[in-house]
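The chain below stands alone, shown as structure tokens; this is the form predicted alone.
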């Protein structure tokens, strides 16, 4: 970084240097200083709604939100103090009084944050009367777990630009709902599930997830539905896929996934999925066979077509789900073994 574009300030008694324009929260994270937050998502504009990331700034009449305060030269910032701990505990307690346990499928960020601050379960529970069932197959909402951080609304607006969710009302009468109270299917929602990924409490969750994420084993992989190469995590339990997610900051997608990448995984264990090669018998019916017999049938068929019509009568089409290595092998087969340059991939269209 150009030193002329950096600013130096004091954080917890130590001089730190960050790039001009960065927030105090970013500075704290770069120096491994733990500052709790619930409403913040690096992919979204700073919001400052939950007030969990408050820090002391010399000269300021009251603590300021680290996520919305830009670092400036000469600042003196305190991120940890008995007063800040009391404030954060109080904020967590206030949120917990209007929070009920959600669906259990997603890690509850509020309860995790409260636990770190030493805040136990509150005796007062608030059930949001505006419960609703949506007829879509993928997204579900538990209003009792919502803390009105607006991350879902902002994600729809700032990232997807589809405004499928809205914040209605103020104070104790405020709530989140699909635009105009309609079903997700009747809004501009693309069913990408981004609102689920950014929700810190599990108020928005997946209908089809069959196990809490904490009970699953995650395997890092790459989505095969197109050629973008989105990085995702495949969550399994007892040898079966139960959920797909993507970590913020990973791969070219930065935690974003389309509806297919996030939700289209049931086919993996579907009873109708083909698990063995099939060939037609003398009666024209498909029956299971070995890979050796299936390959020999392919060779016989291609050889007969090539002999009768020539090599250029044969074409090869690669799926966008194939790896680069698979596609290379396919074009090698086409050009070297068959003798044709008729090779294409649906990823190119």
Partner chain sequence: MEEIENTDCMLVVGSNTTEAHPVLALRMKKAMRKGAHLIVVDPRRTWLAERAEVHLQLRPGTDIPLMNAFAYVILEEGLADNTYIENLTENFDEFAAAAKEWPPERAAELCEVSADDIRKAARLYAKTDKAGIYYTLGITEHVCGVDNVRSLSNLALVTGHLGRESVGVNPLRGQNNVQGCNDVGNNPVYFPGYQEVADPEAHAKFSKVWGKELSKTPGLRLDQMMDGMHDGRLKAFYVMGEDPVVSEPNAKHVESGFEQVEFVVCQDIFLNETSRIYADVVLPSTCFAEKDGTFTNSERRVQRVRKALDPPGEARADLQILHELAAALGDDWGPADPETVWNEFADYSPRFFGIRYPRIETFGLQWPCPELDHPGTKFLHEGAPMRGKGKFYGLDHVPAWEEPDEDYPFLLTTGRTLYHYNAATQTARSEGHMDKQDRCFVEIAPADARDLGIEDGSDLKVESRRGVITVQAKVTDAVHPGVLWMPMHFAEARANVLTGDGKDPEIGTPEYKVTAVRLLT
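Residue numbers count along the first chain shown, from 1. Take the two forms, superpose them, and find the largest set of C-alpha atoms that agree within 1.5 Å; that set is the rigid core. All figures in this text were calculated on a predicted structure; none of them were measured in a lab.
Just so you know, the form predicted in complex with the partner chain exists too; it's not on screen, but the next bit is about it.
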Triplet 185, 264 and 338 all within 4.5 Å of the partner chain in the predicted complex via a heavy atom: yes
is_contact(residue 229, the partner chain) in the predicted complex, heavy atom dist at most 4.5 Å: yes
Contact flag, residue 331 vs the partner chain in the predicted complex, heavy atom cut 4.5 Å: yes
Any non-hydrogen atom of residue 47 within 4.5 angstroms of the partner chain in the predicted complex: no
In the predicted complex, residue 171 touching the partner chain (heavy atom, 4.5 Å): no
Segment that reaches the partner chain in the predicted complex - one of 71-79, 144-152, 198-206, 217-225, heavy atoms within 4.5 Å: 217-225
Partner-contacting position among 93, 254, 85, 166 - heavy atom within 4.5 Å of the partner chain in the predicted complex: 254
Contacts with the partner chain in the predicted complex, stretch 57-94 (heavy atom within 4.5 Å): none
Shift of residue 62 between the shown form and the other one at or above 2 Å (CA, core fit): no
Core-aligned C-alpha movement of residue 31 between the shown form and the other one, 2 Å or more: no
